[in-house]
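Before any questions on how it binds or moves, here is one chain, the form predicted alone, in structure tokens.
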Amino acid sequence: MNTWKLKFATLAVAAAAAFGMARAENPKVIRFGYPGTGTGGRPYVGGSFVAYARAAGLLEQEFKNDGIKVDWTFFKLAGPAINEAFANKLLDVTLLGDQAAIAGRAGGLNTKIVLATGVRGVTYVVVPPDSPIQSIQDLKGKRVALFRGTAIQLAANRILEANGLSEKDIRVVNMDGLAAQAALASKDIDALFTIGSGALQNQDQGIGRIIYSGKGDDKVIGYASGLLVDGDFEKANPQIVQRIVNVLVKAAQWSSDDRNRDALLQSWAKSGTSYSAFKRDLAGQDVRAILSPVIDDYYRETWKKAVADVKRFKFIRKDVDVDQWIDSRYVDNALKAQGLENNWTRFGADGKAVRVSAVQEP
């Protein structure tokens, strides 16, 4: 067993004690979810270090000798379908964007956020190439696709509001990402809100023109995402959750290393979205910040603002206590075990970089 695997094995045992749990019998399968699918339903996606871990089979390697299967499900219907799977105890762990995660928590789902997987996501607005639409204000009265119940809807409402509009001012067409792209190509919609590199792929394919990019838009907070764990699964298997986080922190370190950028983008391209689209989506962004697993004050504050906005836009009625929901102990353990406490810049609640300090014992 190599050194880092020995460290992780020791940490997993220690974690069970640290979290006040006796070591339980390992599960036979870890049911891992991901919102969305690749092109044509491919079981690969891009844009995160979790996507890289999937493409490289890192979690499968971690649990192979234990006889534990990692079963991935890619949900075409994204967040709403993931919440339903959690409610029916069909899912143990998933990456999930802010609005869907908040709606699930407000609705009574027993989940924990144990790892940061994104906090500066970019939203795009795309129209057909020959459309007269030039700005967000021009969307008034138009048929606009957005995926309700997902991070896209929250981002869209923030962007509309910043430009003096609301959902009431447009003709909303509720569509998942792949359906919206097909509708854009056939001009059955006038515009779509989308997240990430898909907008650039639409442009390359000649079916879309980007009229808005969230890059550098100080008026709009980028969407957040996190690694959610079912509360009962976490309670019964703290050592397994620790090992999952250990692997994903290692994947984050590799992914955020500039020397690995080409290989990272090639792994993401397994999704069917091009290497070029991913590269241009990252252009001009702080890639290390995007791929940071650290739960810092800015990450927490972004989730608190998301909760406030989701409630203000009347997508939920109940409050969600973010401080009780986010549990940073697993990622803090992993950072310490791997000597990565200072690998990523930490940001204060105001989004400004702060001096990095060592992670404290939980």
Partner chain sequence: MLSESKTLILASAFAALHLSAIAAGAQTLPDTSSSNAGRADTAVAAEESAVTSADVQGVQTDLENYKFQVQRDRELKTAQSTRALLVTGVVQGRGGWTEARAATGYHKHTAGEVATALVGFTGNLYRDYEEARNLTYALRFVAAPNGGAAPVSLLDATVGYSLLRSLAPDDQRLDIAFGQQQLPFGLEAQTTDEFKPVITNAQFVGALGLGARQIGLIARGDLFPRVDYGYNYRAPIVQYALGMVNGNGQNTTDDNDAKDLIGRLVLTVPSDYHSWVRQFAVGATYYKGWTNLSALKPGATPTAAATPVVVGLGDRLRTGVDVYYNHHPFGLNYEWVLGEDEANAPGATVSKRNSVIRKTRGQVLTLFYNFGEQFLRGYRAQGRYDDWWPKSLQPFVRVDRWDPDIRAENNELDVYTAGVNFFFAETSKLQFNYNTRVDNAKGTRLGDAQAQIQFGF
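As the structure is a computational prediction, the values presented were derived from the model and not from experiment. Numbering follows the first chain given and starts at 1.
Just so you know, the form predicted together with the partner chain exists too; it's not on screen, but the next bit is about it.
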From the candidate stretches 196 to 204, 232 to 240, 245 to 253, 154 to 162, select the single one in contact with the partner chain in the model of the complex, where contact means a heavy atom within 4.5 Å. 196 to 204
Taking 4.5 angstroms as the cut-off for heavy atoms, does Ala103 touch the partner chain in the model of the complex? yes
Is there any non-hydrogen atom of Tyr44 lying within 4.5 Å of the partner chain in the model of the complex? yes
Would you classify Arg317 as touching the partner chain in the model of the complex, given a 4.5 Å non-hydrogen atom cut-off? yes
Can you work out whether Lys215 and the partner chain are in contact in the model of the complex, taking contact to mean some heavy atom pair no more than 4.5 Å apart? yes
I need to confirm a contact call. Of Val220, Ala263, Ala85, Val287, which residue comes within 4.5 Å of the partner chain in the model of the complex, counting heavy atoms only? Ala85
For the three residues Ser166, Thr302 and Ala349, which mark the spot I'm curious about, does each lie within 4.5 Å of the partner chain in the model of the complex through at least one heavy atom? no
Would you give me the residues of 253 to 279 that have any heavy atom within 4.5 Å of the partner chain in the model of the complex, in order from first to last? Ser274, Tyr275, Ser276, Lys279
